[in-house]
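So this first bit is one chain, no partners, the form predicted on its own, shown in structure tokens.
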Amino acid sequence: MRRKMIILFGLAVLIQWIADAQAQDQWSWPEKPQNLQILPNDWPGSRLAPVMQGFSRALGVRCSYCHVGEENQPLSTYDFASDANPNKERAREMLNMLGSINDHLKKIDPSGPKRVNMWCHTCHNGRPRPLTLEEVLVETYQLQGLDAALNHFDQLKEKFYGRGVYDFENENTLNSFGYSVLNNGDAAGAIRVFKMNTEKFPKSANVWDSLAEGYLEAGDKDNAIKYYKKVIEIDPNSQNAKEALKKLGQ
């Protein structure tokens, strides 16, 4: 009998704990949201909800990107009214900018049957910061090094390929990034990038020319000659490769 009572008491405690946890996790859009500054401050939560969800989708982020709260924690623990997260003020300024752009667009006669309307997804397209692929790679390289930049390239390709967000099928992206690395005095790193580009675009004379230049900057004349000759195989009219080979005694 005593054992049965202990079990029942334990079940009661467990049920109460679950109920308390569920109550803590419950969250709904407030009837009167607080601290609205750019959006109309008389909007009810039901009007605010689709706008906030639209921001989230357009930038590919969660609530914690702009609000005070921890990712994967209940929304009931967030302080949505707080301005402590600097991204919130950035978002406000972006909304101001968006309104200004659309005001200017109204002054332009539309070139098609429907006037263009700018919205967050027009530029962001699922990215918090709408940088070009080359800009993302350069930034990652400067902050974290080449390995991180090349890994980031693969991650972005897996996530965004085919969505029209980044141009993965243009040889100039990695080629320009390689020259950014080269101009940073990192010839060995630039060679890695140029090699990666030759694997992706083996029929392009330009990418082999860049690889040859990388080896030349690294002081490896043998490989420079080898790859300048590769350029000539693909494009017999390449004046740059011909002049480089002439200077190298070929």
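Given the structure is predicted, the values throughout are model-derived calculations rather than measurements. Numbering starts at 1 and follows the sequence shown.
A second form of this protein, the form predicted in complex with a small molecule, is not displayed here; the remarks below concern that form.
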item: Region of this chain that lies against the small molecule in the predicted bound form, out of 141 to 149, 76 to 84, 159 to 167, 176 to 184 [heavy atom, 4.5 Å]; value: 76 to 84
item: Listed residue that, although the small molecule is not shown, lies within 4.5 Å of it in the predicted bound form (heavy atoms), from Met196, Leu216, Val68, Met52; value: Met52
item: Heavy atom of Leu98 within 4.5 Å of the small molecule in the predicted bound form; value: yes
item: Non-hydrogen atom contact Gln37 with the small molecule in the predicted bound form at 4.5 angstroms; value: yes
item: Heavy atom of Ala212 within 4.5 Å of the small molecule in the predicted bound form; value: no
item: 4.5 angstroms heavy atom contact with the small molecule in the predicted bound form for Pro110; value: no
